[in-house]
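What follows is a single chain, given as structure tokens, in the form predicted alone.
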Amino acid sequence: MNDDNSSKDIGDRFQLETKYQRGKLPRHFLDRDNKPKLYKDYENPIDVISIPEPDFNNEAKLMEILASRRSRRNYDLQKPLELKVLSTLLWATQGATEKLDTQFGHLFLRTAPSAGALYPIETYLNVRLVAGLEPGIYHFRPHYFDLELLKKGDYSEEFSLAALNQKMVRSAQVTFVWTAVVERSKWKYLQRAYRYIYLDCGHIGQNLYLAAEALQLGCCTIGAIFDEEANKLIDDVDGINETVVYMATVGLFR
């Protein structure tokens, strides 16, 4: 975007121009024959990895978790995160909680709310040190509860640079990277969809914080991102139809 006078107040203009006003709601026909797909599947992932069922036996109390929740940035570089723990975190953020049959197919309601049950947020993982997973970039599929391996190798340095060089990304056992498939929300909400996308992602991020706290893990979300650098690290994320909107580090804190 050009750094001119028109771009300096873009946030103010967006807030103003996407307000709902009584008697002036946008007229919009929902094209149900062209509703975007609710789920993303890669045609040729390197591998598809089944992950264990989440652990529902945690006895931590919600009010205590809320009181103790903090952003924690210092992680143990050597100790791996257990795969079952990662599975529990994935379920807590976007796990399926109920299956509904609709005219568009199966709809899985999830642990985090989403405007219109459209679920525009996709979850990717940069895995640095997780027992049972080789380092790489993975895509989480909540409808199958598995992981698609997209790239092999540790991309912690690259994601750290994309996150304005925040060092905690380099030491985290895993970094969650959330993208938005924009048309899933725009199909119904037009330009106001962006408001709901960011709210949806915030709900997911808070779920991760609380689950990590319950599991005695460190967690810190990241909103400061060089967008295009982050997008280019993930296959089939073009920054327009799908774009990175939020990240979070998770690790065993020191």
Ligand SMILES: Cc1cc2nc3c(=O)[nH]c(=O)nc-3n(C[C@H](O)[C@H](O)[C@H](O)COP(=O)(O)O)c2cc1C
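One-based numbering along the sequence shown. Nothing here was measured: the structure is a model prediction, and the numbers come from that model.
From this point on, the text means the form predicted together with the named molecule, which you will not see here.
Visitor: Within 4.5 Å of the named molecule in the model of the complex: all of Ser71, Gln166 and Ile222, by heavy atom?
Guide: Each of the three qualifies.
Visitor: Considering the named molecule in the model of the complex, find the one stretch among 54-62, 32-40, 213-221, 188-196 with heavy atoms no farther than 4.5 Å from it.
Guide: Every other range fails; the passing one is 213-221.
Visitor: Looking at the named molecule in the model of the complex, which residues in 29-50 have at least one heavy atom within 4.5 Å of it?
Guide: Not one residue comes within 4.5 Å of the partner.
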